[in-house]
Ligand SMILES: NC(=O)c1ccc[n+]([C@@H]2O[C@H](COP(=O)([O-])OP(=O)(O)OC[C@H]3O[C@@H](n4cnc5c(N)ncnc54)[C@H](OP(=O)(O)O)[C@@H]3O)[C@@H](O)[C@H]2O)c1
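For reference, the chain that follows is the form predicted alone, supplied as structure tokens.
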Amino acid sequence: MNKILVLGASGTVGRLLVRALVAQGQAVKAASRTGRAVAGAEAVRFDYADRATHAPAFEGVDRLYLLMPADSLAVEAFLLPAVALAAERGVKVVMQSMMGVEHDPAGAYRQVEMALESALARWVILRPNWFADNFHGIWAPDVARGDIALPAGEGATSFIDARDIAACAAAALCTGRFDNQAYTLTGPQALGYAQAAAVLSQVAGRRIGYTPVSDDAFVAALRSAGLPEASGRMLAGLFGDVRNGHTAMVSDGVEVLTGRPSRGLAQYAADYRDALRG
């Protein structure tokens, strides 16, 4: 058993992580709901909602990258069975959690973290801040329109590049030096969304503005785009942390895990210039 199972291998961090691990010569099982082939990795089907797919995905695996699907709110119902299966099979788990959940012991993510810590001999928890990649991902329509409308108020965020999260995950999976530790992952600087929009504007060569909106207006816009109201309310609630200053901290987690500083928003924007230009 010398394989790494990457859940969410078709997602923002997962696909970058699979690529990094394969480049290092690691044997990788790339898991997704479709089981679609991934270059250099063994493709396997895994669906949190379909328990029949779990055990086969874990065959021959000694390490696991665990993260929550972005389109579901069933955090404990989805993640706890995977933690239990990892414990049963002696699999090391690197979990992608969320920044700040350690301050909410009753919260779903912290409950899963605590289950991980108590059930497994080897684990690492990564708590990233908001992704810089959201600007060419879930917020791409706003960026293309030239007006980022979010309920972030004047709050600042130390946006992190998903490539840095993947690099941290690869380091945690491929060495035992970071075992049984939790790391907060951020970019090198906290910016308000108006400042972030200015950075994107300069790199994209066109005006991209920021308009603070209410939670209700934000949820209504998401509903019109087809997102369920419950998911919209969850996202709106996360922006409460932004407005309250809870996403402004800057950590050295990326440098500790990878040996190099995290990428700033300007670097992210330069590397994704074509996507930001629309």
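All figures in this text were calculated on a predicted structure; none of them were measured in a lab. All residue numbers refer to positions in the sequence shown, first residue = 1.
Below, we turn to the form predicted in complex with the named molecule, even though it does not appear here.
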The named molecule contact in the predicted complex: W130, any heavy atom under 4.5 Å: yes
Answer with yes or no whether R223 is in contact with the named molecule in the predicted complex, where contact means some heavy atom within 4.5 Å. no
A52 near the named molecule in the predicted complex, any heavy atom under 4.5 Å? no
Even though the partner isn't displayed, in the predicted complex is D47 close enough to the named molecule, meaning a heavy atom within 4.5 Å? yes
Just to confirm the contact call: exactly one of 200-208, 143-151, 91-99, 170-178 touches the named molecule in the predicted complex at a 4.5 Å heavy atom cutoff, so which is it? 91-99
Heavy atom within 4.5 Å of the named molecule in the predicted complex: which of G232, G245, P69, P212 fits that? Just give me the one. P69
Of Q195, Q111, N134, Q189, which one comes within 4.5 Å of the named molecule in the predicted complex, counting heavy atoms only? N134
Mind listing which residues of 17-33 have a heavy atom within 4.5 Å of the named molecule in the predicted complex? S32, R33
